[in-house]
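In structure tokens, the next block holds one chain alone, the form predicted alone.
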């Protein structure tokens, strides 16, 4: 595999930056090396973005939309190749990356391709002597900083609305998963996006800091940890950049006594074990009504123990590896903390080392029962396949407990009583909520959190608010009446 370099001005750009290994977390194999961007690389990216953005913004929305829809088609045509690359880079099962990662990114590009043609201001009647109108204009240069759990999906979620609105984007993928962003850049170029409009800058936190501090960049969108979000927000304040922050969570999933237990178990598993639990919106605090707790746990244990953990490229694998050995050690440490704090280990709780899996970062899907709210596994984001189950009695009680967190990204409620489900959802302090399902994120709905889970929203037409600025224009139809 060739060296993974930054993509600037429509081509791969070598730099004098440090090279770092790109590791397959399922095998420990070094796939290739990536070359970090330098100050010179960033400067070249800014220069090319300025030039490309002028050309791009001068197109009509319909023209930009056609190009974006072509890019979406190319993503779908290349789904198999890109999914395999994403699996090698992340350790996620091929069954997931083929079904979700690239195709959900294509959905975003297609959706915002349609939005591009309908970016309108409004006309305001100001009487016989004047009228006014507003224009939605691009911000100019924007930056996207991605995470390692959904590399190409996040790149699409950030770039699609930015480009639809006439902006250029300088995108920095996680240094742990740098491979597919460059392929997205090639697809944009093939579809007709002008050179410089989507640049990719490889590297770690130092490259992200360069983007945040660059005066020419007017907006930063980050997906990452809360601590990183605070630093980005503080850095962006120096030049008064707009920010969108999609950060962490410790989300509640509340299952009432009248819930369909099979569906609730399915949702709890999706909310904890899909992508090996490395999803920010996961419902890792599962509150189950005491009257159905034993039935729920019995069904959950039986089904969790049937999850096929294995080699990610095997199409029969249902759960792959974690992102790295160091992250695996963190997850295993939290499992030990759960045991020490007195939670009952229902199933899992160990590193999977069968055969070739011993070379990778595999952890068995883990469920703790009899959890209490003060436990660290109920308070802190683990970002791995670890579910904490607690019971509850009263509706008002569980609402208070569900909200007792600094996070507010997501929440779910299971109940056959839709009046109650809506009543509870409306009281939960979370930006993205589900009733009788979990972790479904269609592009048509906004995605984002409350409290320390972030600022702003991704997806839906609401994203246009975060990638445009409004200009008001007053048009006089008569003379100027001056008092002097």
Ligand code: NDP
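Positions refer to the first chain, counted from 1. Bear in mind the structure is a predicted one, so any value in this text is a computation, not a measurement.
From this point on, the text means the form predicted in complex with the named molecule, which you will not see here.
> Whether 297, 303 and 367 jointly form a contact site for the named molecule in the predicted complex is the question; each needs a heavy atom within 4.5 Å.
Spot residues vs the named molecule: no contact at all.
> Of these, 174, 317, 347, 405, which has a heavy atom no more than 4.5 Å from the named molecule in the predicted complex?
The residue in contact is 174.
> Among the candidate residues 208, 360, 194, 338, which is the single one with a non-hydrogen atom no more than 4.5 Å from the named molecule in the predicted complex?
It is 208 that has a heavy atom within 4.5 Å of the partner.
> Would you please decide whether residue 228 lies within 4.5 angstroms of the named molecule in the predicted complex, comparing each non-hydrogen atom pair?
It does: once the named molecule is placed as it appears in the predicted complex, residue 228 has a heavy atom within 4.5 Å of it.
> Check whether residue 283 has any heavy atom within 4.5 Å of a heavy atom of the named molecule in the predicted complex, and answer yes or no.
Heavy-atom contact with the named molecule at 4.5 Å: absent for residue 283.
> In the predicted complex, does residue 138 come within 4.5 Å of the named molecule, counting heavy atoms only?
Contact with the named molecule, no.
> Is there a heavy atom of residue 203 no more than 4.5 Å from a heavy atom of the named molecule in the predicted complex?
Contact check for residue 203: yes, within 4.5 Å of the named molecule in the predicted complex.
> Could you tell me which of 338 to 346, 240 to 248, 112 to 120, 387 to 395 sits within 4.5 Å of the named molecule in the predicted complex, going by non-hydrogen atoms?
Single hit among the candidates: 240 to 248.
> Suppose contact means any heavy atom within 4.5 Å; which members of 213 to 227 contact the named molecule in the predicted complex?
Heavy-atom contacts within 4.5 Å come from 222, 223, 224, 225.
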